[in-house]
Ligand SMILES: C[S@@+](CC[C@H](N)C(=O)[O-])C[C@H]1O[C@@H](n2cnc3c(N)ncnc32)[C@H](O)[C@@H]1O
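In the form predicted on its own, a lone chain appears below as structure tokens.
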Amino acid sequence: MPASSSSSSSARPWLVRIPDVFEGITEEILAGCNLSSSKLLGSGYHLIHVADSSILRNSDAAMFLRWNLPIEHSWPCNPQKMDGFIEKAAQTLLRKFGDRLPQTLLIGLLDPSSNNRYYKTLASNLRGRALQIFPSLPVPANDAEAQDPDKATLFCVIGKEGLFAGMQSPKESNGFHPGGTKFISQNSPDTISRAGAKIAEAIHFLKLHRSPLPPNSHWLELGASPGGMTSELLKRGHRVTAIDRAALDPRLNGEKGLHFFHSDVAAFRPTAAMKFDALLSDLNGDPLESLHQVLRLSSNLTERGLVVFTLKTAGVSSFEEAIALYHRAVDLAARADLELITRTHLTYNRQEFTLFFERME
């Protein structure tokens, strides 16, 4: 097992996932978490040793980590070559974790992007067998989003490298499911763009940190064209005021709850009486100029109004520059009375981060 720079008798094995888009700066990310080395497992998973796990959530480098899990049980093996793997694994999970009463049991893949269906079937069969023998679990295993973000879940990941499991709350793990998330279809005829999946995932992730906005909430969306995010918000029963100098997809014409301003964002001047429950920005271009427009319009937010802001890092050439840009954005937001709730890298993000703010009173 590789040792970390903080290795000691108190260091514990941990599994973290670094998105593939950051593969070139993996060493810098690990160093930012005070880790010198790791063992790569599956796709983007790194097995590490860490004495203080809070650094995986609170350090600057933590925003590059998609997910993390304490490894309290590991079985290094090739499941395809093991007789009776499912029964042995299920009984072991019950023996090690059953009396700790997890809220549910969720099993994922070390390589979720693989086209090899063997491990998808293996994960499904293992979950089914474990649920047969575990005590009654309060949260259905087929509804990961129903978890209490603050209660411990038994997470398990499997792949050709073996099985790795541990218990932790979804909030501490930075996700409702081991390395995965809730997606929307990208192949449906009514899907306008991949941006719809990005806001769906953002709303899903935000449930780790605060209650979701109720239906009929009013969103102000900056840079809405062609309308992927707009469409997803409307499907969820929200109202949307969308701003863009480019047109929206014709399929959105006449949609109930949509008010479109065919205008440059910088030219949009809402009256003081116009109020929004949330402000959404996925604007391209200079990230601080985009943030300037968000801050200018944030005065039209209601009490505890939400901001979902994509921090683009185009032109940023290093790990250090990305961290500096993030701190600059958070500092500017704080001066405009916007408090950071959380930040993350979503599955549909490229080299960018999604920041969540709340308007302070």
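Numbers for residues come from their place in the sequence shown, where the first is 1. All of these numbers come straight from a predicted model, not from anything done at the bench.
The protein also exists as the form predicted in complex with this ligand; that form is not presented, and the subsequent description refers to it.
- Task: Can you work out whether this ligand is within 4.5 angstroms of a heavy atom in all three of L15, N68 and E72 in the model of the complex?
- Result: No: no residue has a heavy atom within 4.5 Å of the partner.
- Item | Partner-proximal stretch of 188-196, 131-139, 165-173, 75-83 relative to this ligand in the model of the complex, 4.5 angstroms, heavy atom | Every other range fails; the passing one is 188-196.
- May I ask you to state whether E161 is within 4.5 Å of this ligand in the model of the complex, using heavy atom distances? Because no heavy atom of E161 falls inside 4.5 Å of this ligand in the model of the complex, the answer is no.
- Item | Partner proximity in the model of the complex: S124 to this ligand, non-hydrogen atom cutoff 4.5 Å | No, no contact at 4.5 Å.
- Task: Report yes if any heavy atom of K275 sits within 4.5 Å of a heavy atom of this ligand in the model of the complex; otherwise report no.
- Result: So K275 does not count as contacting this ligand.
- Task: Report whether the minimum heavy atom distance between L283 and this ligand in the model of the complex is within 4.5 Å.
- Result: L283 belongs to the contact set for this ligand.
- Residue (of A242, L105, L291, V265) lying close to this ligand in the model of the complex, criterion heavy atoms within 4.5 Å: Spelling it out, the residue with a heavy atom inside the cut-off is V265.
- Message: If the cut-off is 4.5 angstroms on heavy atoms, which of these, V157, A224, L233, L154, is the one near this ligand in the model of the complex?
- Response: Selected residue: A224.
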